[in-house]
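As a starting point, one isolated chain is supplied in structure tokens, in the form predicted alone.
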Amino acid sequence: MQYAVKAWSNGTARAGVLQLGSSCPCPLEIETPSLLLPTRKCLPRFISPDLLPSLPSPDSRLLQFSPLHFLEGLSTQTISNLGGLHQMLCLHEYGLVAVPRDSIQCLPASEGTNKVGASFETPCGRCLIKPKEYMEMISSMRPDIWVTLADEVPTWVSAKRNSSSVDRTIRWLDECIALRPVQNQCGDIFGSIVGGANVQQRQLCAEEVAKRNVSGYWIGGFGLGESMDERPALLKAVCDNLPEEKPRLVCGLGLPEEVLQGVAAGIDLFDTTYIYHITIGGFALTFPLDKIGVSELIPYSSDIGSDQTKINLRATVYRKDTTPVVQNCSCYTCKNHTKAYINHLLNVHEMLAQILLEIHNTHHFLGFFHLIREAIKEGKFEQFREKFIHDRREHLAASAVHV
């Protein structure tokens, strides 16, 4: 794996290029900041493999998965005998990123974690995963990038418990590196960084992980109770202590405003379940995809349920709306179907509704990341960020007047 920063904006926001080639069957080049598509066993929740090529390429070629997904399926030995996940799933043109935590089905259970291993709530029940067991999974699955085991804790734990989580995460990092196969078939290592809502612990963990021989960094522990006001200081404490030449991946920042917050701190890759959650809710992303200026706001309506980023397609107002979800959108959904059709599918509980919505929402969110990269290259990221947040707040204020 190779990573290079190509442009900076406002001091810390950066655009770069990530190249996967050593373990990936086909060389892959991804521009950052970029989105990791959330998956279930390496495939998006609703998009079938034959529809994956309809998503923007190569932006959609990085797939995040949790090795814990496979606890209820084939054994690690069987997956290894099949040649790893690329061979088993015929995903030769995609980069696979293994992250223990999955914010939908494999949630960290800090109360069950101990010095032996990390505890997770999985579809198979609560599981305690030890570094040796985790490395057996990684070795058999052979992802392009894998994240070391971490002890993630919510913000409300005691200072002692938070400190022990940092110690365990660093110790497990050393164990994972020591257990890594000599053949280097399991991809590049991203060292885990935790620390809860404590700036000093975050800084300590970042300093220690930066001393290790890793290819990049995974910043965890977000989305577990911290506020948006606390987050900038926590991100700064981490990023200021990491080398610039290695990529940074964060988990737990999903909303457009949170993504912008992460980019401003110097984050390169985002592991988020935002697309899944809005798709399940019947929402479609609609925020404008232009550079600095923002097109006209969507008129307020309690039926529409708009917040200047998405619309509720379950609403009755769309029952006879024969326009696409977003005008001039080039995704498969908008080119072939209407709001009325998706409204019908949602109301009769057809799974095709989620398929079409996930295609559109993924396409739209990837377009958002493209705009971020362009703004950084032009040196206008802060203006882009301020304009986006200002217009959304203005719309929410206007909406409140009508309530």
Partner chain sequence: MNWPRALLTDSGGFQMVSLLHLADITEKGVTFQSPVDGKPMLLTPEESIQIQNRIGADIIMALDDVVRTTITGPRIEEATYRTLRWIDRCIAAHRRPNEQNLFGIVQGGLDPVLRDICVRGLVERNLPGYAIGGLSGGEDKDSFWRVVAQCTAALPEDKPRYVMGVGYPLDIVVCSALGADMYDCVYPTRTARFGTALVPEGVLKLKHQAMANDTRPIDPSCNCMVCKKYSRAYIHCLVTKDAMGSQLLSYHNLFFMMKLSSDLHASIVRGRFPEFVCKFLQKMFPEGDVPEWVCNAMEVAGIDISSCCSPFSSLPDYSNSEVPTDF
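These figures come from a predicted structure and were not determined experimentally. Positions refer to the first chain, counted from 1.
The protein also exists as the form predicted in complex with the partner chain; that form is not presented, and the subsequent description refers to it.
Student: Counting only non-hydrogen atoms and a 4.5 angstroms cut-off, does residue 316 reach the partner chain in the predicted bound form?
Tutor: Looking in the predicted bound form, residue contacts with the partner chain do not include residue 316, since no heavy atom lies within 4.5 Å.
Student: Does residue 127 reach the partner chain in the predicted bound form if we count a contact as any heavy atom within 4.5 Å?
Tutor: No, no contact at 4.5 Å.
Student: Wondering, does residue 27 line up within 4.5 Å of the partner chain in the predicted bound form on heavy atoms?
Tutor: No.
Student: Is there a non-hydrogen atom of residue 44 within 4.5 angstroms of a non-hydrogen atom of the partner chain in the predicted bound form?
Tutor: Flag for residue 44 set to yes.
Student: Quick one: in the predicted bound form, does every one of 74, 337 and 351 get a heavy atom within 4.5 Å of the partner chain?
Tutor: Per the other structure, all of 74, 337 and 351 touch the partner chain.
Student: The partner chain isn't shown here, but in the predicted bound form, which of 168 to 176, 208 to 216, 274 to 282, 75 to 83 has heavy atoms within 4.5 Å of it?
Tutor: It is 75 to 83 that comes within 4.5 Å of the partner.
Student: Please tell me which of 109, 289, 199, 89 lies within 4.5 Å of the partner chain in the predicted bound form, judged by heavy atoms.
Tutor: Of the candidates 109, 289, 199, 89, 89 is the one lying within 4.5 Å of the partner chain in the predicted bound form.
Student: Going through 50 to 69 from first to last, which residues have a non-hydrogen atom within 4.5 Å of the partner chain in the predicted bound form?
Tutor: Read in sequence order, the lone residue that approaches the partner chain (within 4.5 Å, in the predicted bound form) is 50.
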